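In the form predicted on its own, a lone chain appears below as structure tokens.
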């Protein structure tokens, strides 16, 4: 399991919660070659990102090789209040994962 790869901010704006996340991940396509060895760099990318609020999924993103290194994700959802908790988690094609809980401000 990866550690400390997620930065997240969640704020109430009007009647919605705006969530902004930055995930540290190489997001390799499997098509690039190592300049020194000439061998292909194995694919290593995030497959799924999930955001939960009060035990319910409010955002599910299914990603693949077309997403850039250190991806940024921003989305909005309704029904949240200041002080509520959200949980962001991801899983990649190699089975690595990480999650982070944040308080909505």
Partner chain sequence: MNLARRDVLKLSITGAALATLPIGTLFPARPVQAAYPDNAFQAKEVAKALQDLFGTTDTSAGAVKIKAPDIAENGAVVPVTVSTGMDGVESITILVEKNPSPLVAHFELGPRTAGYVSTRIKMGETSPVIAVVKANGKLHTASKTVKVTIGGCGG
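Numbering follows the first chain given and starts at 1. Computed from a predicted model, the values in this text were never measured in an experiment.
The same protein also exists as the form predicted in complex with the partner chain; that form is not shown, yet it is the one meant from here on.
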Can you tell me whether residue 93 touches the partner chain? I mean in the predicted bound form, with a 4.5 angstroms heavy atom cut-off.
yes
Residue 22: touches the partner chain in the predicted bound form, heavy atom cutoff 4.5 angstroms
yes
Residue 69: touches the partner chain in the predicted bound form, heavy atom cutoff 4.5 angstroms
yes
Taking the partner chain as it sits in the predicted bound form, is residue 40 in contact with it (heavy atom to heavy atom, 4.5 Å or less)?
no
